[in-house]
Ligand code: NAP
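We begin with a single chain expressed as structure tokens, specifically the form predicted on its own.
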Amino acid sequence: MSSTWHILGAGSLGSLWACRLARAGKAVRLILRDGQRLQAYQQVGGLTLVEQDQPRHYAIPAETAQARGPIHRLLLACKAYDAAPAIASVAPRLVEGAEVLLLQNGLGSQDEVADLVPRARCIFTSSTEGAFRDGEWQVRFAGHGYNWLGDPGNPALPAWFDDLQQAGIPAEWSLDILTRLWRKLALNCAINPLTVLHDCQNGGLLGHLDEVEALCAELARLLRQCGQPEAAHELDAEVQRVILATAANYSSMYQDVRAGRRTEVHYLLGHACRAAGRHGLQLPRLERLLQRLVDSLRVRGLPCD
């Protein structure tokens, strides 16, 4: 099997992974959206990673999805709403048994991808690392975090897993990756929409703790109903710890809205409400929060799905 890391999605986390893998001497190839993006990338000659205010340039080769050649390992690092069309663009190039790492927020997009590439092994990833684009083809490492990877259908550790340690990517193979993804979904649902609606940093939610606690109670009910009691354990306490620890930060959803970008509401709060509906759960605060958020997005002229 080829040792090349193909990376589809040259945003913040995709670029961060690409630069660290290249720095460790791993074979990396970026897959860009179209010929115009490829030409723009080739003009600058690679990606730049800024760590502790020190920039370093990496001349990582790139191609478009339509390029020829098989793909054995793919890091899918696009937004959740782009995951299905992105994987469809390269599906013909995936070899039998190809491994696809899914680095999306929320839940739902993973199943959409898996349905499109039934011959591939899909590996779910939950990341708390921080990075942001600091200009075109430049990414700034914003905060140390961790990455959990796992395959709900196959507990075997992938042969390439040591690549991550060698590249300085903090990672752990998790046998309960779905629990981690559900827990992160609940954290995001309790924090991100409220920061948009109250127009505040995460710490601003300290003035709305009654609302936060009520949402956490409904989210914990949902998690238990979905067979995730561990994800529900002391959820409210962890949400408040995250708010305090990230008080000066703006949530990713807040940043998307302020920048006029599409949010991942469909795979976060939307997924939670759809799951509640499937289980016949009445979660009025969660449903009302989703409606308030959708109304706010519509007023701003942003997509609601």
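All residue numbers are counted from 1 along the displayed sequence. Everything numeric in this text was worked out from a predicted model, so none of it was measured.
Only in words, not in the display: the form predicted in complex with this ligand, which the text now covers.
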ask   = N192: heavy atom within 4.5 Å of this ligand in the model of the complex?
value = no
ask   = Looking in the model of the complex, any heavy atom of A232 within 4.5 Å of this ligand?
value = no
query = Taking heavy atoms only, is D82 within 4.5 angstroms of this ligand in the model of the complex?
reply = yes
task = Verify the contact flag for H266: yes if a non-hydrogen atom of it lies within 4.5 Å of a non-hydrogen atom of this ligand in the model of the complex, no if not.
result = no
note = Students should find that, of V239, A276, L32, V257, the residue having a non-hydrogen atom no more than 4.5 angstroms from this ligand in the model of the complex is L32
inquiry  = Can you work out which of L164, A86, C122, L94 has a heavy atom no more than 4.5 Å from this ligand in the model of the complex?
reply    = A86
message = Counting heavy atoms only and using a 4.5 Å cut-off, do G9, L13 and E129 all touch this ligand in the model of the complex?
response = yes
key: Contact stretch among 196-204, 72-80, 149-157, 173-181 - heavy atom within 4.5 Å of this ligand in the model of the complex   = 72-80
